[in-house]
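As a starting point, one isolated chain is supplied in structure tokens, in the form predicted on its own.
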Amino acid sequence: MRKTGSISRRRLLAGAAAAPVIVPGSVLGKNGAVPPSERITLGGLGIGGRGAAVLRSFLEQPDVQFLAVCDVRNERREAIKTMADEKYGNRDCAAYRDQEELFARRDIDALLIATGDRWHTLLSVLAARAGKDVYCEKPCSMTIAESRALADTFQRLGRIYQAGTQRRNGANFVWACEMARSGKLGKLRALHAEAGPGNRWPPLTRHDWLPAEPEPSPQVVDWDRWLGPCPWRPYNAEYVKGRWRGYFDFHGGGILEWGSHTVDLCQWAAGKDETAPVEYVPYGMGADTPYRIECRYADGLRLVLRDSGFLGLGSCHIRFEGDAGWVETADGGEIRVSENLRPLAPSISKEEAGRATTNHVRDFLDCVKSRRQPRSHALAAGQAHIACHAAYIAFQLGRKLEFDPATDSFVADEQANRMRSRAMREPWRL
């Protein structure tokens, strides 16, 4: 007879059968809980400050079970594992350093990706190939080529993608966009998108490096994995602490940082989620502020990216102007409109406006179940980012550029076309 220690396997099983088994009602879907068969299982990659805020919105949802975190920093792995374990009252959240281990988990339905910008497209594409749906923080891409690869991959594989442009589910922004989409502003003449204020988010990024410091153990910070597809550079702890923003290899500057939200809203309001402007004219090059890029769509509609001149309603202003009125709003939730539209304007509290991220997460989860496209789907995100990248290229070159959205290429400008993509450091590739 096969034995386990000093107790036979038969006696052990008999004892187990006789002992009462206590199963929490939540496991069975009782007491209002969602049964396991209806839960969406979630993993996370690179969950820092913003990612943790989004993860808390996920953990609020009764039909989500967070199973694992992956991060190149041990400190963050442990922090997110602790958050999940405290939520569920156990020690079950797995922690990984390599994303391949997370991708291999067949019991995980979807991933929250909140790494630095350099990883967003590549991890999203790899996750889709591994059969996962993706909620990814913005900016979602580093180049025009990455934007197209992102959109094409999710369309081809039929996975669900939600960009972290949560303002598409913010009450005040939704109302403003509906005013434009419904024709209540009349024929649209101009869309205004706030780019990062130049005194806080310079439009031009830096090309220098921070001084080299001793590289930590990969168990503490895996520096090679932190860099990912970016060119190699020596370790400096300031990068890991968040100072990577503003450096060309890691960041698209203020135009992309805020434009990924505000240009996205402008394109949604104008019904242009499948295209991009055809002309980009930069102004204020070399100065921190003010600056702007005047853009034009094929039908003549103007898109203006600017860092100043808004009404002071918060951050990430948008303004839509038509021949029958205008509307402007920002993160504060307040809505301003032309005199003739005041009877239509709702009063939206800061609390209601502040639920944008939770609403956005809920939109994603509902789409994971229904398989319909969420508001910030991959094509919409890709096209809005293409517009931002094209604007940034025009700003860097300091000249007017013409662009063909059908081919993602600049017209008769070889230098600009070379800036549509970047080489990835081996072994990373799309």
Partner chain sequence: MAEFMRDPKYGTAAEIMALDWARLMGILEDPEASVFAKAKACQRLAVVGNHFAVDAIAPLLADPQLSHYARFALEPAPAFAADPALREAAGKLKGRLLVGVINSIAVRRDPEAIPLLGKLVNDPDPEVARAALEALARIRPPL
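Predicted, not measured: the structure shown is a model, and the values here were computed from it. Residue numbers count along the first chain shown, from 1.
Keep in mind the form predicted together with its partner chain is missing from the figure; the text below concerns it.
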Given its partner chain in the predicted complex, answer whether the residues P62, Y88 and R355 all have a heavy atom inside 4.5 Å of it. no
Heavy atom to heavy atom, is P231 within 4.5 Å of its partner chain in the predicted complex? yes
Decide whether G183 counts as a contact residue for its partner chain in the predicted complex under a heavy atom distance cut-off of 4.5 Å. no
Does its partner chain get within 4.5 angstroms of any non-hydrogen atom of R296 in the predicted complex? no
Would K241 count as touching its partner chain in the predicted complex under a 4.5 Å heavy atom rule? no
So its partner chain isn't shown here. In the predicted complex, which residue out of E351, E75, D323, D208 has a non-hydrogen atom within 4.5 Å of it? D208
The single option of E257, D249, D109, E334 touching its partner chain in the predicted complex, heavy atom within 4.5 Å: D249
Of 412-430, which residues get within 4.5 Å of its partner chain in the predicted complex if you count heavy atoms? E414, Q415, R418, M419, R422, A423, M424, R425, E426, P427, W428, R429, L430
